[in-house]
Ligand code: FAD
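The chain that follows stands alone, in the form predicted on its own, written as C-alpha cells.
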C-alpha cells in the first residue's frame, strides 16, 4: 500500500487546477493525482472544432506537461473507495491511502443509454461534439449537409455546460446560411427540458436567436433510440410518454451523462450518484477529510470549467484550513459561466450564481450577442485556461 498526504482522483480541469493551487500555496505538500489518460483536452473548444474552426488535435496537450512539478502522477483508474479507512483501490489492484481526498473525476458519457447510438455515432450523419473520437464527424456532417432535416438533441439530466447543445445548432444554421443551403435545410433543436436556458435573462435572448434563425425548438423530447439504417430518431415525450419519431438527414447527439460508475456506486455518492458535498465549502457531507469539485460533484450549478475556476480556490483554502485545524471560511456562491455561441461571429456570455442571478464579469449587458465575446471564447479563454487556470494562477 502506498500513501500520500493528499490524493486527487482525476487529472482533468478540476484535478490539475487544484493540484497547481495547492503546490503554489505550499510546495512541501505530498500530492498525488490518479489519472489514466495520456492526453488532456480543452473541451470547450470542441464546439468550434465541430463548427470547422479548429482541428481536433488543437484542443489537446500531453497530460505529462500539465501535472504540476512535484506532484506524483499515478496512471491508473480508481475502482473503489473505502472512506472509513481512508484508502482507495485502483483497477491495477493497488491500494492507496491518504490523509485527505479530493474527488474530481469529471462526468461520464452514457452512449449506451440511447439505443443504437454507440454503434452509429461518428458515421452516416450521426455526430457528436462530446468525444475526441467523434467531434470531427460533426464538422463533416455539417459541411456535407445540402438539404433535409438537421436535428440537434439535448437529453434529460445534467450535461457538461447546459447551453452547449444549442451552440453547435446555431453554428450549423449559420454555416448553412452562409453556404447557400439554408432554404433547403430544416433545423430542429430538441430538448428534454421545458425551455432553452435556465436563467430568464439569457433564455429570453436565446429564444429570440432561435426565432430569428428559424430554428424550431421542440421541448420535453428525450432521445431514446437512433435507427441509423432508416435515419430515424426516436423520442419519448417527458410528460405524455408518447413515442415520437423524427426523420433526419444529420443528427448531432448530446449523450446522457452521469457521475462515473465508481463514484455513483460508492459511499461518497448522494442519491443521484454525485459526490455528496456541501454546496458552499465543497467538503463532503459525511467524511470531513474528503472534498469534491467539478462535474462529478453534487454542486447544484451548471457543470462548466468556469465553475471549476471559482470552486478551486474555495476548495484549496478550505482544505489548507482543515490541515491547519482551522475553521473552513471560504465559500462558493455557485458561479458558473456558459459562453453560448450563436453564430460564427456572435456569442452571449451567460454568467450566473446559485440564485440564478447574473454574475457578470464585464461592465456591459452580456445578454446581448457580441463579436467581442466570440473572440474571447475563440482566443482569450483557451489562453486563460492553458497558461493561467491550469497553472493555478487565475
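Quick caveat: nothing in here was measured; it's all calculated off a predicted structure. Numbering follows the first chain given and starts at 1.
Another form, the form predicted together with the ligand, is not on view; read the next lines as being about it.
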Among 11, 34 and 308, does every residue place a heavy atom within 4.5 Å of the ligand in the model of the complex?
yes
Candidate stretches 75-83, 225-233, 112-120, 189-197 - the one whose heavy atoms come within 4.5 Å of the ligand in the model of the complex
75-83
Of the residues 304, 266, 141, 134, which one places a heavy atom within 4.5 Å of the ligand in the model of the complex?
304
From the list 150, 259, 312, 104, which entry has a heavy atom within 4.5 Å of the ligand in the model of the complex?
104
Taking the ligand as it sits in the model of the complex, is residue 284 near enough to touch it, meaning that at least one heavy atom pair lies within 4.5 angstroms?
no
Non-hydrogen atom contact residue 342 with the ligand in the model of the complex at 4.5 angstroms
no
Classify residue 51 as contacting or not contacting the ligand in the model of the complex by the rule of any non-hydrogen atom within 4.5 angstroms, answering yes or no.
no
4.5 Å heavy atom contact, residue 221 and the ligand in the model of the complex:
no
Mind listing which residues of 137-171 have a heavy atom within 4.5 Å of the ligand in the model of the complex?
160, 161, 164, 167
